[in-house]
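Shown next as structure tokens: one chain only, the form predicted on its own.
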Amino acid sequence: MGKFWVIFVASILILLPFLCNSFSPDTPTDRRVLVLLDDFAIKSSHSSYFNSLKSRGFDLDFKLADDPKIALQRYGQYLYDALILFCPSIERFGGSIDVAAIIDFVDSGHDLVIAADVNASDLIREVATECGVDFDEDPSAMVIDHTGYSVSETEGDHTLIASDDFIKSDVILGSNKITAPVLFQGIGHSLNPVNSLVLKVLSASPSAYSANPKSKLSTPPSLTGSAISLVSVVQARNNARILISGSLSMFSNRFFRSGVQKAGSTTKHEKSGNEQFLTELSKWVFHERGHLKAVNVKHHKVGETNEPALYRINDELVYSVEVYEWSGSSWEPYVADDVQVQFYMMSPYVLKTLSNDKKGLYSASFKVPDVYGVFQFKVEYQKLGYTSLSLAKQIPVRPYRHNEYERFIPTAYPYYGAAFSTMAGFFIFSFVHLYNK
């Protein structure tokens, strides 16, 4: 018995640090992140990016991708809340990690960052394909742009691209405009047209194409123009977020600090837009921005405060919900004019836009339809860059009882008049017929 308690206490002590630092809906930034590397040298060559995450409260755990002891979960509990794959050339993960384990990790609501390069292995390509993007099938192909390249002392093969074709979303990239182009050197990918959850965050210019820069083109390239995505993001239906980049170098200190001048432009920037771009993008990927929560869902009859067990047809009711957005340090009221509620039974009988008080409270009043059955209050809110809200609350609606109807229904007055006029006519006819000589 004593040995059992020793083992139990030891297990709790092992798991306690992980449980204390795990993702919490109340504080989404208290997270543990597993970083898998090809080489520990990446830890220093990309230290600016990692230090940015650490300064915002993330606990990074660096491991070699082929470490035989690495695992995403233990005793059925996930040890990490996010996974960063900076190991483009890895042929096989160590420990219990494989493609299926990574997909299960995302399906459980956790976040993922994938950085590939020209040496991307089939394993990394398979993970990316499962996430909704397809890297160029040619293993030696790189993105080339003869008009959108970055000007340097040695012109080279124009694979060092200066791109400024960003997604137009303040939620994903922040409200501060990125003025300097982003340096990119790597492989391009295309989005799976079937997957509507994938978004281009950084696109290639119309003059770009994907090919082997060291050989002449013998066939037309499979990826050309704006169809090439350099950096993409995915927000799954369970609100897990994924970042996919075709360049590991764009995260490096060298690219962060490099000056940039785009070909054809006279403006030379002292510093590339990489640091601002990837820092702001990481805030979105790790739920520091665009993360919504809904609380205090209520409904009641007009003039009352208690929530009833059921409604009667034609009742006047009020529906309310509070919506907040995580700002990185606290929950702030979310203000929008496009949040709607449905009163739903097989199809929406009522669709109302909720008004807000600028303090996070959304409400609407409406009349229960003249149809009885089992209804639902439904809020299905999906907006670019924000986590989706899906709220449902079931409530039955009954018809009038027999003693709740009006004694005389106004719409039946013509029928009342017809019945009494028929009786009066019959009486007059009978009187005339009997007493007429």
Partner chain sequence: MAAPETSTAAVPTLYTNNTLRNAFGGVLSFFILLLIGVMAFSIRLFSVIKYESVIHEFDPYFNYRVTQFLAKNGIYEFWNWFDDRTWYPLGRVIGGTVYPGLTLTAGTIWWLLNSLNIPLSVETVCVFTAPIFSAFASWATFLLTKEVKGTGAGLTAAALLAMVPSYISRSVAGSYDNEAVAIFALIFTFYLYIKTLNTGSLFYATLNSIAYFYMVCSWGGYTFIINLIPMHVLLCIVTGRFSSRLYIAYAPLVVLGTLLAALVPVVGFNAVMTSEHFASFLVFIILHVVAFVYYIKGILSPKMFKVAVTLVVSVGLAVCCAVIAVLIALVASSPTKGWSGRSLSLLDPTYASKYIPIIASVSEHQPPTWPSYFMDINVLAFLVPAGIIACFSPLSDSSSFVVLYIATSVYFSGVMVRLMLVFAPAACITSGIALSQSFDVFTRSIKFQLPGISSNTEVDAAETSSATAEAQNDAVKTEKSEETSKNRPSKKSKKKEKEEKPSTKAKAEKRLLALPLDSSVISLLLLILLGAFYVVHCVWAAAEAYSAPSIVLTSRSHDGLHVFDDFREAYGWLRHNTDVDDKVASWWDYGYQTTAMANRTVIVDNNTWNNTHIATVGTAMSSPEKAAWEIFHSLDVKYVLVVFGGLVGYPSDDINKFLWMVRIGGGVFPHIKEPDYLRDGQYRIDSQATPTMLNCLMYKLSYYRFVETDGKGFDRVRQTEIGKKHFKLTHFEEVFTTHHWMVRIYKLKPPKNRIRGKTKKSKSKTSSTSSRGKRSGSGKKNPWQ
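Each form is matched to the other, and the largest set of C-alpha atoms that superpose within 1.5 Å is called the rigid core. Keep in mind it's a predicted model, so treat the numbers as computed, not measured. Numbering follows the first chain given and starts at 1.
As for the form predicted together with the partner chain, it is not shown, yet the points below apply to it.
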item	value
Segment that reaches the partner chain in the model of the complex - one of 245 to 253, 207 to 215, 275 to 283, 120 to 128, heavy atoms within 4.5 Å	120 to 128
Of Gly57, Pro369, Pro399, Gly385, the one that lies within 4.5 Å of the partner chain in the model of the complex (heavy atoms)	Pro399
Partner-contacting position among Asp157, Asp134, Asp315, Asp357 - heavy atom within 4.5 Å of the partner chain in the model of the complex	Asp134
Residue contact check: Val374 to the partner chain in the model of the complex, 4.5 Å heavy atom	yes
Residue contact check: Arg92 to the partner chain in the model of the complex, 4.5 Å heavy atom	no
Contact of Val295 with the partner chain in the model of the complex (heavy atom, 4.5 Å)	no
Interface membership of Ser44, the partner chain in the model of the complex, 4.5 Å heavy atom rule	no
Residues of stretch 86 to 123 in contact with the partner chain in the model of the complex (4.5 Å, non-hydrogen atom)	Ala100, Ile103, Asp104, Val106, Asp107, Asp122
Is_shifted Ile409 between the shown form and the other one (CA, 2 Å cut-off, rigid core)	yes
